[in-house]
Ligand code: ATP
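Here we start with a single chain on its own, the form predicted alone, put down as structure tokens.
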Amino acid sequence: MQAKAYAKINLCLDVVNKRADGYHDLKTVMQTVDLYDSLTFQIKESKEKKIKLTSNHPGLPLDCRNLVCRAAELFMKLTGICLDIEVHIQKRIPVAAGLGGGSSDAGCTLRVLNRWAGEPLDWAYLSVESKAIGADVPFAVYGGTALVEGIGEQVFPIPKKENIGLVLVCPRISVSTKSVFQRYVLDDPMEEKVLVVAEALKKGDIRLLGQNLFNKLERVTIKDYPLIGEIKNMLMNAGAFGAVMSGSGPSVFGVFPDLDEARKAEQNIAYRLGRSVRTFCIKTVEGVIYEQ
């Protein structure tokens, strides 16, 4: 069985407060895009639990540091089904880039195992329980477009009128999410702007969406990596309605009027920045698509 694990972007990201446990409550609109890892599964029931991971990515951990392993463990714990699982992860989503690649792989694993077993678990229940794996996994179980709150465990799907053309630019650097949050200084919440982003998606108003993109973590990451600011300017000069960093960075994306404009911009930026970045012309996608 094969499946696609789609990357996510944050169309807006508001840091609401810092919790007593050290984590931060967020309010963000997440969106899956058609940049994806391909996961190939071999699954069978077994008397003895076994999880084997392989990957084309030489730096990817293949033990239970990998969220795919933790997702398989969680599924077996929740269902009581003992499985022998082999998963090959064909990695395309850049690692440590603010695109939720590891969480996407975990969410994909949960969906595939649940589907293989005849859907013994309700999707909402599976999403809530998956917060034990990582903050972005509850959203990754659903995919599509959603308002996400808390530390990521509260997911509220948003109906979106149309797919959106984007240019994604990923500098070849890794950013520590933990370090970014440790250095973040709280300010006033921007709940109204989050609601504007959600409303723009419902209306299909891409210009309004672009004008209201924001990410409060950007100001922390950009101090270490000024290239992020340069990429934002390049995207805007290339015709984007708006451009912003995703997650804790360093990836930056721009919202364009259509895919043709996005392709032109992506080619121009790829030429100008060369091998210092990876560039993608992508579009938003709705939910999960399985490939047999």
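So that there is no doubt, residue numbering starts at 1 and follows the sequence shown. In this text, all values refer to a predicted model and were calculated from it rather than measured experimentally.
Below, we turn to the form predicted in complex with the named molecule, even though it does not appear here.
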Self-check item: Heavy atom contact within 4.5 Å of the named molecule in the model of the complex, the stretch among 92-100, 115-123, 202-210, 165-173
Solution: 92-100
Quiz item: So in the model of the complex, are 24, 26 and 127 all sitting within 4.5 Å of the named molecule, heavy atoms only?
Solution: no
Quiz prompt | The unique member of 263, 52, 65, 49 whose heavy atoms fall within 4.5 Å of the named molecule in the model of the complex | solution = 65
Self-check item: Contact residue in the model of the complex, from 259, 60, 227, 234 (heavy atom within 4.5 Å of the named molecule)
Solution: 60
Self-check item: Contact of residue 154 with the named molecule in the model of the complex (heavy atom, 4.5 Å)
Solution: no
Quiz item: Judged by heavy atom distances of 4.5 Å or less, which residues of 115-140 approach the named molecule in the model of the complex?
Solution: 136
